[in-house]
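Quick setup: one chain, the form predicted on its own, written in structure tokens, and binding and motion questions come after.
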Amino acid sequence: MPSETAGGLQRIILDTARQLLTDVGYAQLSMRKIAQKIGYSATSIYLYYSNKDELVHALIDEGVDLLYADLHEANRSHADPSLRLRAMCLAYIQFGLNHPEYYEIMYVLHPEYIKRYPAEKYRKARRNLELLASAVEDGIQMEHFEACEATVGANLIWTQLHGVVTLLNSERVDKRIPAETLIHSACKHILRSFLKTPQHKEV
């Protein structure tokens, strides 16, 4: 099989698995179902992934890398830690809304397959929280933010952003509130919870 064709098939396998995983769930996902969907034999899939855990972990890796790229770009967009943190909050939400299948696989689906997620991959995924923590720490050092444990602060930010993304993706938000209003209000609320005074900087 030519390398270009092989690469194309691997992409098809991943895209199909991502769609099936969010449609039928982890327990019902199988190599056979993926093969039937793409019109190949299950053997073709096993050339790339030895089992479905390995396949799902590859999808999580892709999602983690995509999110990191967005957060990293937002982190570089401003020298001011307040503006950096706001930009990263917006980037996180937009990632979740623009990539709902990846987001669901990463953070929403039942975690039975996460129990077998390799430790080194957890460390890689932690980079996203570390970017948030770095903005919090910089804000503390520059005396824009109240003193706190930056890692705890980053996790608190994550829980709030996760709530916004999951509620919007599941269409559980009050229809009277426009999505953009909720998104920008949530980011402002998060940022103001760190500022020494709400008037420190207009956000």
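Throughout, we count residues from 1 along the sequence that is shown. This one's a predicted model, so the numbers in the text were calculated from it and none came from an experiment.
The form predicted together with the DNA exists for this protein as well; it is not shown, and the discussion that follows is about that form.
A.B. asks: How about residue 50 - does it come within 4.5 Å of the DNA in the predicted bound form, if we only consider non-hydrogen atoms?
C.D. replies: Contact with the DNA, yes.
A.B. asks: May I ask you to check whether residue 33 falls inside a 4.5 Å heavy atom distance of the DNA in the predicted bound form?
C.D. replies: Flag for residue 33 set to yes.
A.B. asks: Answer for residue 159 alone: is it within 4.5 Å of the DNA in the predicted bound form, judged on heavy atom distances?
C.D. replies: Result no; residue 159 lies far from the DNA in the predicted bound form.
A.B. asks: With the partner left out of view, is residue 9 within 4.5 angstroms of the DNA in the predicted bound form by any non-hydrogen atom?
C.D. replies: It does: once the DNA is placed as it appears in the predicted bound form, residue 9 has a heavy atom within 4.5 Å of it.
A.B. asks: Within 4.5 Å of the DNA in the predicted bound form: all of 29, 39 and 46, by heavy atom?
C.D. replies: Every listed residue reaches the DNA in the predicted bound form, so yes.
A.B. asks: Given that the partner is absent here, state which listed stretch (50-58, 171-179, 149-157, 63-71) has heavy atoms within 4.5 Å of the DNA in the predicted bound form.
C.D. replies: The contacting stretch here is 50-58.
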